[in-house]
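The form predicted on its own is given below as one chain in structure tokens.
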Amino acid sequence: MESKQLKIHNSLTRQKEVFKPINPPFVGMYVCGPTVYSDVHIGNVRTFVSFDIIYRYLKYIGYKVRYVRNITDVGHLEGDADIGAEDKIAKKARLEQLEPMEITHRYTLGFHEMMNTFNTLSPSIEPRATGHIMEQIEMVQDILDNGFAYVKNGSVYFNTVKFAESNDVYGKLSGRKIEDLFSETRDDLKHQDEKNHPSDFAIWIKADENHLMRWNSPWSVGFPGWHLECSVMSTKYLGKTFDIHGGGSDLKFPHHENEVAQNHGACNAAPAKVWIHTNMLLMNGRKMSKSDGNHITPVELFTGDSTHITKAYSPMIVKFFMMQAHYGSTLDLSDAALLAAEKGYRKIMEANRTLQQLVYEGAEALNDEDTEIQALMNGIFVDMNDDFNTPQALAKAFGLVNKINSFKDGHIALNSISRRTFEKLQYIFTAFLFDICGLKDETLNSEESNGITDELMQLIIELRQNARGNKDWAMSDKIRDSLAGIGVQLKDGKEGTTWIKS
């Protein structure tokens, strides 16, 4: 484990910092999960895929990671307000004439299915807001006892003005000036008279008689504010201060800023040492929006049933596309970008199969070719240690693809590298693709390699070879062209003929 080499861009300090866990080799990481009232958005998928790679890499370099990702199943109001709006889940339940838990169960299952489709690992713990109501009530009381909240008409509000006067914490994460924070609000104006200041936010909300999700508390029958659950569940499972807190950049304000305030208000401690935020997924150069039609769902990507794309793309191709940009940069989804990702994905998967099938019969001595390959392999980890830079690491991997193809085609003799380098290349290349990036080989050749399709293809290849041996070039070309017509490409090389789905 080379912990001193790993640097992470900390959103709180806006700098890359050497990662130093609080209690190595243990690492605590909390990531804000979905609000389960609808199918997961492809932009959110990018966030969870990014944190899956971060989780995988931390584990790969030797850390014992406790990864906590919550399920929001109460308290997230329309428009991200904290009062004066309807709960997103309750609204969906009312419209569909179902119980709220039916809604959350349906979309939680759908979320898990989509995460499995993208081959992400399950978190260590996946707590639900509704499973931690008592702990949330206790944190509200702690904040009240510490003088940073007040009760009005059965609701409890965090006192942002008093908190800001007591320290220089509020506004640091989002980078907003205190004056701006105090002037901004997302609440319905008719509820402002309950607050001491417009910037104050609800941590417990009194429910009206029509509200479907409600619990008894010392202040009223009501429900917790949206921001509270993450403060409660992160500290419950990771401690008052833990290593990493993550989420989408859209959560910096108000959600994460208010989390920080709550943790200080209840625990007198910062929740996380390092904050990681993923950036937006655009489409065709613009922000995704259902209202103007610039929108696509994961399922539409898989089926091709969208005017924005010319064909269907498999989950691993979409995932490979997501790795083309650093998690902290915007990424523009387009048909052209997906087509390029498909080509790259197939090329790198074919190279991996070729590499694993090569048989080494070389010497043990190191030479210049060893040095170049070792530099590319080491470069993968230099890039991953540089704030999990997947696009740069992939560039090094494609450098190795060129070497692998040169071995296969005979342009570089396999015995020009040492056995040690060759075996390390086989291990590192596979580990990077599958253990760290979480990809799977979905190409036709690998999927069917032990089945009837591969057997049929080998028979066709033999028939073509016989035709070529008999100098029946017309038949040989007919076989090749017919296969190309159905999307199967033959590749003739020094080791024989192979096939891929083109």
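Just so you know, these numbers come straight off a predicted model, no measurement behind them. In case it trips you up, residue 1 is the first one in the sequence shown, and so on. Under this definition, the rigid core comprises the largest set of C-alpha atoms superposing within 1.5 Å between the forms.
Another form exists, predicted together with the RNA; not displayed. Remarks below refer to it.
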| task | May I ask you to check whether F253 falls inside a 4.5 Å heavy atom distance of the RNA in the model of the complex? | result | yes
| in the model of the complex, K290 touching the RNA (heavy atom, 4.5 Å) | yes
| task | Mark Q489 yes when one of its heavy atoms lies within 4.5 Å of a heavy atom of the RNA in the model of the complex, and no otherwise. | result | yes
| Is H41 a contact residue for the RNA in the model of the complex, using a 4.5 Å heavy atom cut-off? | yes
| message | Using a 4.5 Å heavy atom cut-off, which residue among N116, T430, N146, Q392 comes into contact with the RNA in the model of the complex? | response | Q392
| Which one, K152, R419, K343, K172, lies within 4.5 Å of the RNA in the model of the complex by heavy atoms? | K343
| query | Just one of 199-207, 281-289, 123-131, 259-267 has heavy atoms within 4.5 Å of the RNA in the model of the complex; which? | reply | 281-289
| field | Candidate site R66, F163 and I373: all three near the RNA in the model of the complex by heavy atom within 4.5 Å | value | no
| Is D435 one of the residues whose Cα moves 2 Å or more between this form and the one not shown, with the core superposed? | no
| request: Take the rigid core as the frame of reference and indicate whether the C-alpha of L12 shifts by 2 Å or more between this form and the one not shown. | output: no
